[in-house]
Each structure stands twice: as C-alpha cells, then as structure tokens.
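Quick setup: one chain, the form predicted on its own, written in structure tokens, and binding and motion questions come after.
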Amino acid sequence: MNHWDQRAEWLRRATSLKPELKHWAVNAQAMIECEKSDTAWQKTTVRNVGLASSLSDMKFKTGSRVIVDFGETVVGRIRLKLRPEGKNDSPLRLQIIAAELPYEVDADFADFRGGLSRSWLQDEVVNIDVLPCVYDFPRRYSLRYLKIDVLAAAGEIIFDEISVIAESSEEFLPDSSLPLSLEEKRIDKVALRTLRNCMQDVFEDGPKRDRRLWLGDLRLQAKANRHSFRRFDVVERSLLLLAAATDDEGRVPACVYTEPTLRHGNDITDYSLLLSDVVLDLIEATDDIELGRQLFPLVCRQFELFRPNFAENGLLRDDVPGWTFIDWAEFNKSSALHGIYVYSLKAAVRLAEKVGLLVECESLQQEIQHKSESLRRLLYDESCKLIVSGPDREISYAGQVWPILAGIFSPDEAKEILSAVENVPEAVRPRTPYMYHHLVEAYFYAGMDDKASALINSYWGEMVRLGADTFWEVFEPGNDFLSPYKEALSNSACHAWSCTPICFFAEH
C-alpha cells in the first residue's frame, strides 16, 4: 500500500460527515415582464406587472404565460399548487424556464451554440395528469426567475402558489458586526448568499452548472466559510472526498463526481498543488493535528509528481503537460504556475510546523529558496520592474500576482511590480472573480489597501449595481456576453469562487 493510500478510510470519514440539508419555502414575490434595453446588463431588464399574491385571482389557459420573480436567487425544487377552473378531462402540459438572470428568461434556447451540453440550460416540459394538485419538480434548480408557459390545458387553470423549496446545509445568512459602509454591506450580503447557495452536501462550484466539488473553488469557499458560516464539517467532508478520489499515482483530482459513487474527475495542475493551502486552512481552523498528519504525505506527493517539470536552472519549463488553469484567459502561464508552486510549498511548510513534522521542513525550505531565486534571477526584469513569462517574455497580471503571493518579492517590490503592470496596455488582465480575488490579495500584501478596496468596489460592487444578488462565474465590465463556453447561457450566475469579499472585509 502506498503511503498516501488511505482512500477507503477517508471516504468512510467523509460519508459520516454528510450534512443534513435544511429546507425552507421561498414564495414568488412579483409577476414580471422582460424588456430589451440597450443600457441594461445583457440588454435585458425586468418590469414588475403585479404582486405574485394576486395569481390566485387569475386564470390561465392554453397559450398563456406567467413570469415570476422570487426576490432573490435560491437553490431548490420548484413547487406549483394548481387547480382547474371547470372541466379537467386531459393532462395539463407546462413548459418552464428557471433563470438566474433576466437574459435567460428572454433568450431563445433554440439558438444555443455553446461548447457545453445543452442539457445544462434550465428548461423542462412536464405533464400533470391529475388536478388539483401540488406538483414538486424532481430536479433541483438555481433560479431567481421562473417562466411558465401553458402548452396545453383542457380549460382554465389557477396557480394558488408558486414557490421554491430551497435547500442548503445552511438556511440563514449570518449577520456581520463589521464596521462596513452601505456599499460594502450590500457586497457582503451578496457574497454570503453566493456561498450559502453553493453549500449543499459538499461545497459545489455552482448550483446551476456544473454542480461539482472542485478543489480550486473549495479553497476559496473554505476561507470565506471560516469568516462566516464556520461549517468546518462540510469543508472537511469536501476535502476528504477529494483525497479519497486520489488516483493510484497519488494525484489528487481537481474535481470529483459524488453520484452515484465517488470517482476521480478532471486534473488541473495548479489546483492539485494548492491542496497544501486547503489542508493548512482547515487544520488551522479546527486544530485537528491528526488529520493534518494523515494528509501531509498526500500534500507532499503533489510536489513529487510536479518536480520533473523544472529545468536544471530551477525554472519551470513552458511545456508542462496537462491542464493549467490559473484563469479563463489565454496567456503564457509558466511564471504564474512557478509562483503557485512556491506558494504551495510554503503552505506545506506551515502545515508541517503545525502538526509537528519538523524534519520534513528542511528540504522544503531549501527548495523554496532555490525556486524563488530562480524566478527572481531569470524572470524578473529589473529595468521595467515586471515579471515576464515564456520565450516571448509575455506580461500578464497573473504572472505578477502569484510570485508576489508566494512571497518571492518584498511588499515594497510588489508595489513597484503592481504599479508597473498597470502601465502595460497589452498585459493580460484577469477574466474571472477567481483571478480578481488573487489580485486583491496581492494589493493588500503590497500595502496598497486603497487600491484593493477600490477594486472590490469597482468589480464586485459593479455586479451588485447591475442587479446581482449572487456573484457571477465570469464578469468583465463592458463585456456582457463573455463566456469561456462560447455562450453566456452556459455561465453560472451563482458561483463559489466569487464569494471572497467575505474574506477581505473580515481580514482587512
């Protein structure tokens, strides 16, 4: 048996930590209509046309439509309370679209040309044989808006209730006692709702799509959870499921499928390296020294598997095999990945110190020094105060941020670097809240607190001003339909890696 191979025990422990989901009803608040608008986000806005409480006074027939707004994005199962008006001698056929954003309500799904499966779009046709009834949809949705088209009805029908039976491992958003401005309070609440909606029986990346446990998302969720819900049982369960799905070489997956049985999903180079930081964060929060000792060999194994990618001069090669994520943008990622490697090594050292494995620290410290010196010597251009990447000496924000977060540069040097990259128009900018989180962290490290706070307000705050009540997977101001999947309908509008303003408000 390999020294990291405790997979059966980790799975048993993860299974014992499965949380009992909480359920609560969220009733439709308003009836709405969608309208095209050149000034609205994604060119679609909503207009209230009445209270949802008046639905029971209205009658619907074949060809009728109603769109309701639940007032907030919720995750759960749609419930319809229906009754016929007059005769009822045939099934009722309804078509629904569950939408997180107004654009989804008004879009023509027939034109979908995305790179991901059409089945992720939240539409459904149902036949209801017996009325009156309470009909619960079996599938879980993430939605704020619900469009119902009556495709066929024997006569007229009445909706006495349209609701969602919401579900999560937490129901209530915690109150913040932090001295926040009104704008910061709005951002904080949206971040908390984002995290809450992703807290299912594991920490999911997005409850609409793709409803999986990803190591990179978990890392940021766990940090936000530490300052809010403090559900360390769900963090531990999620971490142990990833560990239990380790392949026979000892490679921890970037994501796992948990149904019908646990299985290893995608591999992402940078996510696997960051395992050390996830384990460290949990052990610091819970003081579970024994769990830290159990997982430490698995943490070290990720470095063992990755080390052959370094050249003799200590610099990371450009041809690292497999998928390196960093961010949804096209750029040379070697300097960023080199920084992540050193960052993760330092987390492993702190973990070893925390759990009393001091002998293991010495070799890791030596490697940290060697790899840090190599990046400074070979990738840092002193003349322009920038970190370059690849044979074309490419400049990206990620290529500056990760070596900074790794502590390869002092705070004063980091300030010079971050100031310099702003004056490079061709520098590849972040595309997602995931990378923007790390840019904010780098600003704080460099002592640029005003810059960090301004970025939180201009990025996450702008999503709130555009109507977000949960934070989005992808956001680039001015680019309404940006999508890494070729179609904005595939994007998640409630996404785990976007919840981290919780951390910044608590820590700074």
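The structure presented is a predicted model; accordingly, all values stated were derived computationally and were not measured. Don't overthink the numbering: it's just position in the shown sequence, from 1.
Separately, the form predicted together with a small molecule exists; it is not shown, and the next lines address it.
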If we define contact as a non-hydrogen atom of the residue within 4.5 angstroms of the partner, is Phe172 a contact of the small molecule in the predicted complex? no
Whether Asp217 contacts the small molecule in the predicted complex should be assessed with a 4.5 Å heavy atom distance threshold; does it? yes
Non-hydrogen atom contact Lys371 with the small molecule in the predicted complex at 4.5 angstroms: no
Find out whether any non-hydrogen atom of Leu305 is located within 4.5 angstroms of the small molecule in the predicted complex, and reply yes or no. no
Heavy atom within 4.5 Å of the small molecule in the predicted complex - the one residue of Phe296, Phe325, Phe112, Phe232 that qualifies: Phe325
Quick one: of Glu161, Glu167, Asp267, Asp210, which gets a non-hydrogen atom within 4.5 angstroms of the small molecule in the predicted complex? Asp210
Do heavy atoms from each of Tyr103, Asp469 and Phe481 fall within 4.5 Å of the small molecule in the predicted complex? no
Quick check for you: of 358-366, 268-276, 414-422, 152-160, which stretch puts a non-hydrogen atom within 4.5 Å of the small molecule in the predicted complex? 268-276
